[in-house]
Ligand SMILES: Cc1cc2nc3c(=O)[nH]c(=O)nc-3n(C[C@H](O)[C@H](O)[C@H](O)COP(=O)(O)OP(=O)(O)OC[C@H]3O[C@@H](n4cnc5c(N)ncnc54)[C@H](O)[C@@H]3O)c2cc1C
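First, one chain by itself: the form predicted on its own, in structure tokens.
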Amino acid sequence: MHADLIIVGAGMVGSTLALALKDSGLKIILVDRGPLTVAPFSPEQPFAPRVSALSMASQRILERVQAWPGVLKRRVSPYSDMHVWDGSGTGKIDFSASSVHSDVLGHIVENTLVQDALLEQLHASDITLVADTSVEQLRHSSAGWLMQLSDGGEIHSPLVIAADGANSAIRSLTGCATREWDYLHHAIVTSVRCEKPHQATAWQRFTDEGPLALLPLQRQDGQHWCSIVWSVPAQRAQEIMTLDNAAFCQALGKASEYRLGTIEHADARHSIALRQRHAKRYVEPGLALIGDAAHSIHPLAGQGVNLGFLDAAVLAEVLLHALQRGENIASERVLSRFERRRMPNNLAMMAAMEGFQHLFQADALAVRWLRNSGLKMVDNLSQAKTLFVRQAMGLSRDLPDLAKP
């Protein structure tokens, strides 16, 4: 089997790239180890444990690939405000969509629902989907790539895009070097029912152990639900995972300072080891890494998938422009344009998240005083907060066409 382009990984980022290129005239093959079937949805079904805080830029990208209506018909939770506070001091800062004359800062959406909306569009396209198989071998020659699949199939293509996640098989098979380190923390994720309404607000407390986020979820039954991301040291995560439901709810209520009252119920918990990775290069001749295959960051502000959507949009734009000019889209010269646009932005976001992580875990009294004073000062600087809000919403200047208003 031959293709002009193989995308490995049909997650949110890989699927978005495929849809952004579906009218390009390229023969595209999308390979994934999953079944690539659309799951039935019921408004009464439990929330999925993994969610994303989609920025306005990500929403626009999903709109342009016709997947956003599929998300809306399932379940989305808009949020208009964010409240952040230091659990070891008095510092706090509030952000509001009204500061940039918007109704929402973004939307909390279950990853599986975004994926299903994208899959609906993929099945309606001419893109070839190869499901339930993984890449066993990958060889490169002057003629391009030869990919051998676990089901015995072979695919030839001059260009391979790795969108297969943080533990990318393509990155490993091609020997792409990364810089990475372990945070020695785990993120505990689940959905919880709270006593008080979340007020369409994302709540984030920085504790001595790590950040705790309560992200608003919207349900038709009128109950008050949030998705939580609770970052704690590995040993503490093991202890929390062994608690029964009542003890876990009590511990979580205490950790959140009962801002949303008592925690009345928690769904099944998942513990995810936190590790930061960044590929030293995003591209080689005939190869590009996007999304978590290229970079994975601390889930401090839920920005990981937004970076991935922008990767997909920029790479699609670069490839489409190269096609219009008659250039070889598999050449390193073309692919490097994608790397030059995305790597600085991704590194800047990673550095910011790393700085926050170290600042709020510092125990020194002077550092605690400084961060509390800093939070109070910035909370009174409306222009600085507006700049932060615009950045978080994806309203910066260097946006790909798919993400522009």
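All values reported here derive from a predicted model rather than from experimental measurement. Residue numbers run from 1 along the displayed sequence.
Beyond the structure shown, there is the form predicted in complex with the named molecule, which is absent from this document and is the topic of what follows.
query = Closest heavy atom of Val135 to the named molecule in the predicted complex, within 4.5 Å or not?
reply = Because a heavy atom of Val135 falls inside 4.5 Å of the named molecule in the predicted complex, the answer is yes.
key: Contact label in the predicted complex: Pro216 to the named molecule, heavy atom within 4.5 Å   = Because no heavy atom of Pro216 falls inside 4.5 Å of the named molecule in the predicted complex, the answer is no.
ask   = Is the gap between Ala18 and the named molecule in the predicted complex 4.5 Å or less for some heavy atom pair?
value = Heavy-atom contact with the named molecule at 4.5 Å: absent for Ala18.
key: the named molecule contact at Glu339 in the predicted complex, heavy atom, 4.5 Å   = Taking the distances in the predicted complex, the answer for Glu339 is no, it never comes within 4.5 Å of the named molecule.
inquiry  = Just to confirm, with a 4.5 Å cut-off on non-hydrogen atoms, which of Ala322, Ile272, Ala251, Val100 contacts the named molecule in the predicted complex?
reply    = It is Ile272 that has a heavy atom within 4.5 Å of the partner.
request  = Could you work out which of Pro78, Pro197, Pro158, Gly165 is the residue within 4.5 angstroms of the named molecule in the predicted complex, going by heavy atoms?
outcome  = Spelling it out, the residue with a heavy atom inside the cut-off is Gly165.
Option from 257 to 265, 138 to 146, 187 to 195, 217 to 225 whose residues, in the predicted complex, bring a heavy atom within 4.5 Å of the named molecule = Answer to the contact question: 187 to 195.
request  = Would you give me the residues of 30 to 68 that have any heavy atom within 4.5 Å of the named molecule in the predicted complex, in order from first to last?
outcome  = Val31, Asp32, Arg33, Gly34, Arg50, Val51, Ser52, Ala53, in sequence order.
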